[in-house]
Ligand code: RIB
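Encoded as structure tokens, the following chain is the form predicted on its own, with no partner shown.
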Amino acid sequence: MGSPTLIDCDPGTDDALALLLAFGSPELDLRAITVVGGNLGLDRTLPNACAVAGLIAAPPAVHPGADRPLLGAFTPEPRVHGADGLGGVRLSAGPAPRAELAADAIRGHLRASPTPMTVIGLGPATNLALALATEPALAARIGTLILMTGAWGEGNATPAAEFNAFNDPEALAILLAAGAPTVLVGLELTAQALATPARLASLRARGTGQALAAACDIQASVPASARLGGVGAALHDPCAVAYAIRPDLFTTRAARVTVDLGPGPSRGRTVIDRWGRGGGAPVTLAETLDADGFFALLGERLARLP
């Protein structure tokens, strides 16, 4: 039996591949999927999570979460994910979501788990922050909190900010201050997981299952990133799941992080201190990725699925 795990996400093309990677990985005992708005509104991210879960025989429960950040509104990204969030790839509806809300489900699973849980955050941090802000002691029930968020250089939502951090910086600040052992998987790391046409063709060649085909079709819809030279698109969220499965594919360092909560052009910027020069919340920062090993892992695990 794998490590008890919960994934909070906002599907989203790369979230879909991250979920499928988790489904195919016995190292993770995935107890629940909680869903937040972000890449698109909750009216799209929630059915998308259910549809992706429906690609496997016994999916975990899917819970609806926040449809807005702690302040203001989410800024969606349909240019990357398409108007439906899955690049126009049609999937069956999948299982209905549970009535229990995400923050309640997160707290319930943390309380009930016999061992500390792995929690993987792939979207804006709203659901996770709400759960821990209302019961802070539960941070001690998290073995590892893996967040796909932030950047120490240029952002992708704005020149200063990475998308998830920009969409709810207050929630991210609350979550970082909660004290759970945190791994930060940011843009400099995910840029190394570049899905080029050649790598996508190699994934397709792994098998004929519906989950693998859906993953490849979804990723093929994502436009190449001008920020990354126009040769492919970064698989952001699968990197966070891969860290939970194969941390040996990564190098890391201790760092500290603060989040810019101001109203100006730097809002959502994660100020990452890699050299011990200042304050901020302590994190383990993922710095480098064995990209060939990552894509081999992704292909192998997707090929296991029906």
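Residue numbers run from 1 along the displayed sequence. The shown structure was predicted, so the numbers you read here are calculated from the model rather than taken from an experiment.
There is another form of the same protein, the form predicted together with the ligand; it is not shown, and what comes next is about it.
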- Task: From the candidate stretches 126-134, 157-165, 214-222, 88-96, select the single one in contact with the ligand in the predicted bound form, where contact means a heavy atom within 4.5 Å.
- Result: 157-165
- Task: Identify, from the list 171, 122, 184, 106, the residue with a heavy atom within 4.5 Å of the ligand in the predicted bound form.
- Result: 122
- Message: in the predicted bound form, does residue 148 come within 4.5 Å of the ligand, counting heavy atoms only?
- Response: yes
- Message: Using a 4.5 angstroms cut-off on non-hydrogen atoms, would residue 39 count as touching the ligand in the predicted bound form?
- Response: yes
- Message: For a quick check, can you give me the residues of 226-243 that have a heavy atom within 4.5 Å of the ligand in the predicted bound form?
- Response: 236, 237
